[in-house]
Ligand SMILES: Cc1cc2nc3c(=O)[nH]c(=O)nc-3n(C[C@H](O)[C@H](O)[C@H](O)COP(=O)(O)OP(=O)(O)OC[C@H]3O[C@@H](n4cnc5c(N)ncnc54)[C@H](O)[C@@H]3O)c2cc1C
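A lone chain, given as structure tokens: the form predicted on its own.
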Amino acid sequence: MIVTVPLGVLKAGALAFSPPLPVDKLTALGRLEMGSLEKVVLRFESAFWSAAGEGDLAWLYLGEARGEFPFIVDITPDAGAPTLVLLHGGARAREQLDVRDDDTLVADALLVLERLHGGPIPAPLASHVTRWRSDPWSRGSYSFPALGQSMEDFDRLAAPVGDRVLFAGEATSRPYFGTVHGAVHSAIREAARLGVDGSGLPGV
């Protein structure tokens, strides 16, 4: 069996293992943490920002409130419609998500865009707010090396239990934790542990 659930789900004890996981793996789980990175996605009828859709556009925003949507990305080419993504993370995301509903967060994001644009902007046609931290199937966005943790904790989480329970996922990839390619890296590693030849995979 290969366990691929996110770190946050393992930390929450949402899965019961019988017999229990080894002490060193449980200790590593206790030290590893899940980061918070959330998005407000806004789709517009037309692009009001300059050079929209002409490449990878992004803006850094330093507002009065710490962590107030500091990074904004134009994903129009990938979305197929004029679309901006405003990101916020860390303590700011954890605090704001718990006290603000989606409509309020969208309004906050629009105020930031108005400041950047220098005036009123059109209302979005659609919006979406992510809440990975409260999602029971993720309980966070990605793993990161927390204070007091050693990099070996990623290896301890990746270690198999006997020859029957294997572990994969970005939090088990010491070189690429917190990333999609870390998750892919871990899957190839565990497939190799089972004897699967991955030499034909692109990039392997």
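The structure displayed is predicted, hence computed values, not measured ones. In case it trips you up, residue 1 is the first one in the sequence shown, and so on.
Another form exists, predicted together with the ligand; not displayed. Remarks below refer to it.
Only one of 57 to 65, 153 to 161, 167 to 175, 23 to 31 lies within 4.5 Å of the ligand in the predicted bound form by heavy atoms, and it is 167 to 175.
The shortest heavy atom separation between residue 15 and the ligand in the predicted bound form is within 4.5 Å. Of the heavy atoms in residue 37, some are within 4.5 Å of the ligand in the predicted bound form. Using a 4.5 Å cutoff between non-hydrogen atoms, residue 2 does not count as a contact of the ligand in the predicted bound form. Proximity of residue 192 to the ligand in the predicted bound form falls outside the 4.5 Å heavy atom cutoff.
Proximity of 44, 49 and 128 to the ligand in the predicted bound form is absent: no residue of the three has a non-hydrogen atom within 4.5 angstroms. Looking at 175 to 196, the residues that come within 4.5 Å of the ligand in the predicted bound form, counting any heavy atom, are 178, 179, 180, 181, 183.
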